[in-house]
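Take a look at this single chain in structure tokens; it is the form predicted alone.
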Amino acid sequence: MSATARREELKELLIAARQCTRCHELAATRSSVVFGAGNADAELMFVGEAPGANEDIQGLPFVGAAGKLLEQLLADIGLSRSEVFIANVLKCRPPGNRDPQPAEIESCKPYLVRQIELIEPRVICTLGNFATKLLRGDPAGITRVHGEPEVRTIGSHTFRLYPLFHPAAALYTPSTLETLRADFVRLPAILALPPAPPIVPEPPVDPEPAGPPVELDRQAEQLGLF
């Protein structure tokens, strides 16, 4: 698919997301749908948890204090916000900034999957537990897997997944901020790697050959099937 066609589909997806009412509570309480923002051809994509109060008002992701920290971390490695794409697992703010519920994540997941397929990033950084668990398909927490790149396939797109602590968690915890900075420093080297090769699924295991028909007939007779 051409870059122009991908952008047009991304616009259509944006329109669909803005009209979404799959999660009735979120649709009733949101001020805006925070679809995501940035370069539609970005090699690097960030996925956070859900919009906060500032994001809900402005309709843009990561515009508060955590967003400022993310921009500074990007600047430290020679990148700007305009060069990446930033999105969230949920496109609507949960009331009171509560945690996303499993049903909400499942309802919103198709939007994120399609974003990934259309943007085609080479590297996706998950920020925090919710995004990491969703895109890894594994319950392991961010403390255990942060800073470890791995090849993943979401939808039709294969990429390198690089879990990071959420900037919001680093704002008030010096040790977490130090870890986040150290993990960020490795990003240029990960981006410089060749494109992640598609994961080839293992071939199905052939079933064991059936026994001789005569033996099967005898078993069936014993079970009263004849």
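All residue numbers are counted from 1 along the displayed sequence. The structure displayed is predicted, hence computed values, not measured ones.
Not pictured, yet referred to below: the form predicted together with a small molecule.
- Message: Since only the chain is shown here, I'm wondering whether P163 would be in contact with the small molecule in the model of the complex (any heavy atom pair within 4.5 Å).
- Response: No - in the model of the complex, heavy atoms of P163 and the small molecule never come within 4.5 Å of each other.
- Query: Is Q115 close enough to touch the small molecule in the model of the complex, meaning at least one heavy atom pair within 4.5 Å?
  - Reply: Q115 lies outside the contact set for the small molecule.
- Query: Any of the heavy atoms of M45 lying within 4.5 Å of the small molecule in the model of the complex?
  - Reply: Output for M45 is no: heavy atoms all beyond 4.5 Å of the small molecule.
- Heavy atom of A50 within 4.5 Å of the small molecule in the model of the complex: Answer yes; at least one heavy atom of A50 falls within 4.5 Å of the small molecule in the model of the complex.
- Message: So if I measure heavy atom distances to the small molecule in the model of the complex, which of the stretches 59-67, 24-32, 177-185, 153-161 falls within 4.5 Å?
- Response: Going by heavy atoms within 4.5 Å, the stretch is 59-67.
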